[in-house]
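Next up: just one chain, as C-alpha cells, the form predicted alone.
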Amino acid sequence: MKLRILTVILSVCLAFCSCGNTSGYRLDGFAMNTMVSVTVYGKESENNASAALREITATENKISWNVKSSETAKINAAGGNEIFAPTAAELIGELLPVCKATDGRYSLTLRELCDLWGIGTEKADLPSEVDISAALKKCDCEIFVSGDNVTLSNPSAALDFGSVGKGYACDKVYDLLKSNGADAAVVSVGGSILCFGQKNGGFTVDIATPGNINNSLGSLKFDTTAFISTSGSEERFFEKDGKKYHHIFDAKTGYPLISELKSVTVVAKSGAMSDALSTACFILGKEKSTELLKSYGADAVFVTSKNEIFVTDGLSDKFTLINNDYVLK
C-alpha cells in the first residue's frame, strides 16, 4: 500500500501597482490541520493580520470535532441529547439544504467512516465490507436544529464540519476585516481562499493542477471580494493493489466516490457555501450540479479525468487556462 497526501492549494498572485494599499503585511500559521496564510493591505495591516490568524484558530476551537471543548465535540458526546451550540446550529442550517440536494450523499455525520478508512493518515487502508456497513449504520443520522440547539437522532453518530470548516473560517475573517476597516486582504486556509476588498490590479487566484500542487492549471481574476474553494480526488488519497482511494466519500455506499471529475473549484457568496458546494458538486458531477449552483448564485470550474475543463458562465470572463495539457471546453 502506498500513502500519498496532497493538499489542494489555490495560490494567490497579487497584481501590484502604485497605490496606497500595495504594501501588505503577511503572516503564516497552521490551523484546521492545514497551512494558513494571511496578507492584509492598508491601515493597521499588521494588527489585522494577527487578528485574522487568531480568528481562524478561534473558529477551529468552536467547530472542530477533535477539540474537546468545541461545540461539535459536545454534540458528539451528548449521546443524542440536545446541546446548546449556536455556531454549529448556524452552520447546519445553511448546510442541510445542500445535503438534501445531493440526496444525502453529501453528509455532515461521516466521522465514523472517515476514521475507519483513515485516509490522510499512516493508518489508511481498505476496510472490509462488514466494517463499512457497520460504520454506515453509525453515520445514518438526522440533525435537528431548534434555535441555537442541536440534536443528533443517532446517539452513535458524530458531527464533522471538515468539508466546510475552512471556508467558514474565511467568513469569520471577512467579518473581522470588514469591521476593522481593512483595505484589502488575501486569506488562504487550505483549499479555501478569501480575496477581500478592492485593490488596484485586482486579485489573481491560481488553481493548482490536480495531482501537482506546484503547477498551475489556470487562473481566476477578481476585482473585488470573492470566496473560492476547491475539492478533488487528488487532495488526499492512498493506493492499494494499484487502485486509488480518495477522501471524498459517498454516504450511500461508504466508499470513496466514483466520479468523472478530478476537481471542482466553486466561487460563491460565502466561504462556507463555496466549501460545501465544491464537495457537493464533486459528488453530483458536472451536469447535475448546474441547478444547485444557480440556486446559490455560485459558479464553478470543473476539471474532468479526461483533462477537460468546463467553466460556468459567471466565470467565463475571469478564467484563463495555463496548463496546455488540459483543454478548455
Partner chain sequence: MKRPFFRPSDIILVAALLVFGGVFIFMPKNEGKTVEIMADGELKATLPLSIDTEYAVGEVVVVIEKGAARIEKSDCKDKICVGTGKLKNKGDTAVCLPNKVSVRVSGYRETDGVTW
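Positions refer to the first chain, counted from 1. These numbers were taken from a predicted model, which means no experiment stands behind them.
Below, we turn to the form predicted together with its partner chain, even though it does not appear here.
task = Would you please decide whether L328 lies within 4.5 angstroms of its partner chain in the model of the complex, comparing each non-hydrogen atom pair?
result = Because no heavy atom of L328 falls inside 4.5 Å of its partner chain in the model of the complex, the answer is no.
Partner contact for P256 in the model of the complex: its partner chain, 4.5 angstroms, heavy atom = P256: no, not in contact with its partner chain in the model of the complex.
ask   = Is N61 one of the residues lying within 4.5 Å of its partner chain in the model of the complex, judged by heavy atom distances?
value = It does not: once its partner chain is placed as it appears in the model of the complex, N61 has no heavy atom within 4.5 Å of it.
message = My question is simply whether A89 lines the interface with its partner chain in the model of the complex - judged by any non-hydrogen atom within 4.5 Å.
response = Residue-level check for A89: no, no contact with its partner chain.
query = Has each of W65, Y168 and K172 got a heavy atom lying within 4.5 angstroms of its partner chain in the model of the complex?
reply = No: none of W65, Y168 and K172 comes within 4.5 Å of its partner chain in the model of the complex.
request  = Can you check 185 to 193, 157 to 165, 122 to 130, 78 to 86 and let me know which stretch has heavy atoms within 4.5 Å of its partner chain in the model of the complex?
outcome  = That would be stretch 185 to 193.
query = Of T290, T34, N47, T57, which residue is found within 4.5 angstroms of its partner chain in the model of the complex when only non-hydrogen atoms are counted?
reply = None of the other options qualify; the answer is T34.
ask   = Taking its partner chain in the model of the complex, which residues of 203 to 217 have any heavy atom within 4.5 Å of it?
value = Counting only heavy atoms within 4.5 Å of its partner chain in the model of the complex, the contacting residues of 203 to 217 are F203, T204, V205, D206, I207, A208, I213, N214.
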